[in-house]
Every structure is written in C-alpha cells, then in structure tokens.
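The chain below stands alone and is given in structure tokens; this is the form predicted on its own.
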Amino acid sequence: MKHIFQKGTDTSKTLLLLHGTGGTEQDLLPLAEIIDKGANILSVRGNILENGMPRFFKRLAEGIFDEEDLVFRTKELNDFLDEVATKYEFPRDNITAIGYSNGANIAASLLFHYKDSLNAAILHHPMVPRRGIELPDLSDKKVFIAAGTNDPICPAQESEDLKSLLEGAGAKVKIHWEDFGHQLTINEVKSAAEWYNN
C-alpha cells in the first residue's frame, strides 16, 4: 500500500493516518502534529479508486458499503500493519488510528474484525462499518468519535449506533459533537488531542 512513514522521537507510539474519499497520504499529516508530535507517523493511501478518487474500500452507493470488499480491504490493511511494524521496527500493539470519513470507516472496521489491530482510534465522521456481526472483546480499547449533528453524509444516529456497538464490545468511547456537517474542524481535532493526551 502506498504510504509515508516518519519515525518519531517516541518510537513506542505510532499514529496511523487514514484519509477521506479523494484524499491522499498527505492529507492528515497536520492532524498528527496536533495529536502527538513525538509519535511515529504511518499515513496510508487507499487502494481503491472511485471515479479517480482514492478510497479504502468500494461502496455500492452513497452510504452503502460493499461489505465483501470492506472485509477484504480490512484484512489487507491489517496484514499491511503487521508487515510494516516489522519493516520499520515499531510496536505492533501501540497503534492509534486517526481516520476521517472513509478512513474512519476502515479504522472502525479494523476494530470490528481484528481484536489486536489497533490500540485506540480517533474517528472523524464515521459510520457503522457492518451490522449484525459479533465484535471481538474490545475492553482494553479507547475510541474517540467526532460527529456532526447535521452531517448529511453520516447521520447522527450512525455515530450513536457505532458508539453503542463499540461499548457493547467493552470499548471506552467518547463522542464529540459539532454543527458543521461533514466537515473536519480544528475544534474536533483539538478535542481529540485533549482526549488522546489524558
């Protein structure tokens, strides 16, 4: 997978950056600066193109995921994390994902499918990746969800449902609300940083 790796001053922690539809591995680098200046940065570009725009998995329509592809791409990303942790010599068990929109959805999917894929996750405007499946035990995981009360792409109920499902699997979840639609705001990033650093 196309990616950027930057070794941090504190190599025990790694931030996994996952862009939104049409983004690249450059997009979320400024967020890493705000969240944790010292951590390693692993920023990945989605392997799927939709009308020329990079994504992490296919969808059938707006808000309707191609579940088969989602499962395949989630495994692909998890395997990639195993590989690069060895290659770049960072701890596989201390990765915090920071995802926006489509990137937040694949990060949530990692948690839904692989118990040890992530240590924590910051999900900006995510949806529920899959419904009706049993989640692994996430009792040692922390998740921050930033959501829009008036998000036209990701209804508020999706964020509430995701919180319930993750909490049902034992994760500690904080939800932060904004009123700027689907926009990724500096306010929610600062709120995520505060959560991460506490």
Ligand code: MLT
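Numbering starts at 1 and follows the sequence shown. Small disclaimer: the values here were computed from a predicted structure and weren't measured.
What comes next is about the form predicted in complex with D-malate, which is not displayed.
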Check all three, 12, 42 and 91, heavy atom within 4.5 Å of D-malate in the model of the complex: no
Candidate stretches 28 to 36, 137 to 145, 167 to 175, 51 to 59 - the one whose heavy atoms come within 4.5 Å of D-malate in the model of the complex: 51 to 59
Residue 101, heavy atom within 4.5 angstroms of D-malate in the model of the complex: yes
D-malate contact in the model of the complex: residue 24, any heavy atom under 4.5 Å: no
Proximity of residue 63 to D-malate in the model of the complex, heavy atoms at 4.5 Å: yes
Contact flag, residue 128 vs D-malate in the model of the complex, heavy atom cut 4.5 Å: no
Heavy atom within 4.5 Å of D-malate in the model of the complex - qualifying residues of 137 to 163: 153
